[in-house]
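As structure tokens, one chain now follows by itself in the form predicted alone.
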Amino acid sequence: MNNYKTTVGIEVHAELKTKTKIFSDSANHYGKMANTCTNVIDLGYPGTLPTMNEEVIRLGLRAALVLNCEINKHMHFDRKNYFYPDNPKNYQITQNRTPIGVNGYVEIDTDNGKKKIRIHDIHIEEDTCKSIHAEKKSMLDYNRAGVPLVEIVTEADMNSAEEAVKYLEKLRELLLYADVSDCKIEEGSMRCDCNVSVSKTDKLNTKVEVKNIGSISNVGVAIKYEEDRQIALYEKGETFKEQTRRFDDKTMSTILMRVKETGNDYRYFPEPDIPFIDLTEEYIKETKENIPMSADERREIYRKAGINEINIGKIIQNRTISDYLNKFNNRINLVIASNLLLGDIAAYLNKYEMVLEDTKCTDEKFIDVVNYLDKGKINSKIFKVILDDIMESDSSIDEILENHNIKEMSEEELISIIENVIDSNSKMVNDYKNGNERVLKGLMGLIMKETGGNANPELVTKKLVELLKK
């Protein structure tokens, strides 16, 4: 790096999970046929007036709270004036002077410990329509026009691609688990722009804005590319003007879009068609109390339950599994439950392209399965045998076991089988008693064969060792 220091700031636009748009009753729905989720307000017809969607304020406030922001209790919207084809009104309604949240932070883990990435502000605004460029034509899809967004702007607190990626992963997790946004980057509901500069001193050099980054991992790629590109220029004694570049995921490089000769003058002024909004302490308190359980709170529950860190990570990455597992907290063995959900049950659902709600595995049946495994009434081998019936039939676990002619083995029956195996394999027994503990696995295999695989391996091991010591 030739002693260069990298400085990164990030702007994120996240679409809010509302049923309708921010200022109209058009559906907020991704993937519909072009221009079918729109009306005259979204199209910017003269004389139309915006109507504030209260749910947008609630989700915007929720986002500001999970990002540890100070809340602007008295706020208004502003007009950001500019001309571009995706903006038929020639202005965007946003928050400039009174963003809903300021001075927040997101905490990330780094090699040097925890680090706070400061949030300059988070503000609510409307999205523009989508431009589609094909050959010599440009087409406009107004389904996205008026979709509610929060824009989250950091301070220039990140000093590497790795920190930027960790920040975005944590931000995505916070917004996702707070039910603010679905954060599907591939669908454009979470979009990232990076400001990158390198310098040998603490004084910032010229920054470059990188747009059009389609994944969190590519944010790291774009930053590393810019580091190398800018350092190479400075090492040759060259300078460059502040500019905007786009990320090309085919070449994994950044490409110049435009040079910023002067700052933009958007001529902000308060939006005259939307009244000022006052957030009361009661409203803020109520909103805070109704924020769903965070990923960090869930991690703590899973650690206390004894789930290993690898599985905790997998659970947190899948909100559906996490929500389902949380229903049974303090009711069943969460270690066994998580192993089933991440293992055999996940494999079944993936095979048939289903979700758990589409199966016949009710909450009661799931509880019974976990308890039967926990108490040793069945083992993992038996579970694999009866899995399809659990997922596809209305029968109870006892009925399914009976249909498969699987009966719970009594302790007396098990001890009798173990004693017969010991009596029939005196050489293996003597080898074990002479210190060859590997023989134990062989004896285990013979016992499990005799039981038809119906015995609990843990109980078999325990009883076998007890009998061998006599």
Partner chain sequence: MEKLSKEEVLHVANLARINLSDDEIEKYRVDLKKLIDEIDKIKDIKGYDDDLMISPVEYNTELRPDKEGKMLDYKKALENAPHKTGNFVEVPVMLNE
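Model, not experiment: these values are computed from the prediction. Residue numbers count along the first chain shown, from 1.
Just so it is clear, the following notes concern the form predicted together with its partner chain, a form of the same protein that is not shown.
In summary, the region of this chain contacting its partner chain in the predicted bound form, judged by heavy atoms within 4.5 Å and restricted to 124 to 132, 378 to 386, 284 to 292, 108 to 116, corresponds to 124 to 132. Proximity to its partner chain in the predicted bound form, taken as a non-hydrogen atom within 4.5 angstroms, holds for one residue of 65, 439, 57, 421, which is 57. Interface residue among 351, 241, 258, 304 relative to its partner chain in the predicted bound form, by the heavy atom within 4.5 Å criterion: 258.
When its partner chain is considered in the predicted bound form, residue 277 lines it closely, a heavy atom lying within 4.5 Å.
Taking the partner from elsewhere, residue 330 is found to have every heavy atom lying beyond 4.5 Å of its partner chain in the predicted bound form. Although the partner is absent here, residue 364 is not a contact residue: none of its heavy atoms lies within 4.5 angstroms of its partner chain in the predicted bound form.
Among residues of the shown chain, residue 271 is one whose heavy atoms approach its partner chain to within 4.5 Å in the predicted bound form. Proximity to its partner chain in the predicted bound form holds for all of 39, 51 and 86, with the criterion being a heavy atom within 4.5 Å. Residue 97 is the only one in 87 to 111 with at least one heavy atom within 4.5 Å of its partner chain in the predicted bound form.
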